[in-house]
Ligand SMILES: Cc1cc2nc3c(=O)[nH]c(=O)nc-3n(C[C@H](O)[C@H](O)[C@H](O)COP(=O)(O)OP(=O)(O)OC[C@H]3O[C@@H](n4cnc5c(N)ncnc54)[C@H](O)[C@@H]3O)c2cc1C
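Shown next as structure tokens: one chain only, the form predicted on its own.
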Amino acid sequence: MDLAVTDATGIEVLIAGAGPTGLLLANELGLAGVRAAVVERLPRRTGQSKALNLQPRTAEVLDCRGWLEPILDRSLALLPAGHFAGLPLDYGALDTAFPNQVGVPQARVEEFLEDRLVEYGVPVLRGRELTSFRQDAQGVTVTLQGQDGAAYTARAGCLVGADGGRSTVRRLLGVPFPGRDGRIGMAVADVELAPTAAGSDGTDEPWRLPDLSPTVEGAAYLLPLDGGVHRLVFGGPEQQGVDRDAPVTADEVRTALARCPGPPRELRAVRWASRFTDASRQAERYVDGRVLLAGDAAHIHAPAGGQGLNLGMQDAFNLGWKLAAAVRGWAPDGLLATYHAERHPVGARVLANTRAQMVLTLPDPDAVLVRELLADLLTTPEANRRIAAMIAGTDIRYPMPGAPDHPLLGARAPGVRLTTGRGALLAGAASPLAAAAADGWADRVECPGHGGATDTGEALLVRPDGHVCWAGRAADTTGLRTALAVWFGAPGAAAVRG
């Protein structure tokens, strides 16, 4: 698909939504030289952070581009564990250089990603709400409404809806969003607390895993942030059957604080609060002509295990280089379709495991028995490692043509940094032979000659998103060139446009 545009605006990709998914996608496109723009309904950043963590795979994604260190500088803590419905998972056993959850507020991640866009000249147009669009064979025409009520029109090669769970893009596109409504109501709030008798407001306490053991009264836990603020997550009888848009009251917060373990807490102020449920839905397709969906616009689920922000950012990382290839004119046939083929099953699996986690938090006698059984199973290293890899995102393996029994084919290549946004051919001591075979793709594939491959003649071809798309002998130049054409187009094709 040719996604270039020739109209006066010059926008090749318009992204609706300036959350972490949309901003990471904009960075990926900017890195590839794509003329992108982001439109956002809100006039300014709220500073609110619904999510507070980066899972190990997301840390790898950011490190792959050289963007992790500045985010670590903004983090609050590193937690060497994850959890499944509050049951601890040991991340130290994972095959990753980042065996931690990075405790960092979503707002700080967004701030970093938005600031980076200045380098690429990608604008973030705030106070512009997408109200309609029309796609045709040449592009997408979008109507935006400003804060003053004025209407604006933009034209782009394609449109990406990264505008959240209530996505306007998805609704206007008419893509079915099957699943089920929420059955369990919960709330989240950032609160200021008075100091305890010991003289501390608790923000000096270490981060810890939440206790989600089911009780009749409901679950509630506090997590210290900074600046005298705590994150309070809670759900009990008072939150059931309440409209999701109803304000969270101070009395609800005080009742939840009384359920939290530790010394009594006095509420000073509620910074912000909102409600959520365990609703679970997924778009039937992520690609519809020139319009694509990513992040919460493509899937919603309960925030169990801390996977939501991470799932969306990983969508963006998978999509970015493929969309750039289509815009620049070198994408092989079917490349953009692999975005849905690869990411839809990953999203479906997250929806399944979050639903399972929510069942384990119900105050039901049978659910308690299942929870106790699972807790016992997770004391065994192999079971713990398997569930930990699922929550951390390090076990994702995309289907790839080639030898399916190769342990790396389709999996990520840990430790490979692709800061230019290009792919890589890792061939160890055999790099001259392999590099010569890949010469026609030198503008899309680097040949560093080290990392990930042995000196026994094995070679790995790694996509720009860090996943291995070919593994074999460096002497197999026919197989290598076939894989290069499948994932990186025809030799020299990138010179067509750009």
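All residue numbers are counted from 1 along the displayed sequence. Everything quoted here is computed from the prediction, not taken from an experiment.
The protein also exists as the form predicted in complex with the ligand; that form is not presented, and the subsequent description refers to it.
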item: Segment assignment from 69 to 77, 112 to 120, 291 to 299, 148 to 156: heavy atom within 4.5 Å of the ligand in the predicted complex; value: 291 to 299
item: Interface membership of residue 129, the ligand in the predicted complex, 4.5 Å heavy atom rule; value: yes
item: Partner contact for residue 325 in the predicted complex: the ligand, 4.5 angstroms, heavy atom; value: no
item: The ligand contact at residue 392 in the predicted complex, heavy atom, 4.5 Å; value: no
item: 4.5 Å heavy atom contact, residue 40 and the ligand in the predicted complex; value: yes
item: Of 96, 106, 280, 239, the one that lies within 4.5 Å of the ligand in the predicted complex (heavy atoms); value: 106
item: Of 306, 332, 182, 410, the one that lies within 4.5 Å of the ligand in the predicted complex (heavy atoms); value: 306
item: Partner contacts in the predicted complex for 18 to 57 (non-hydrogen atom within 4.5 angstroms of the ligand); value: 18, 19, 20, 21, 22, 39, 40, 41, 42, 50, 51, 52, 53
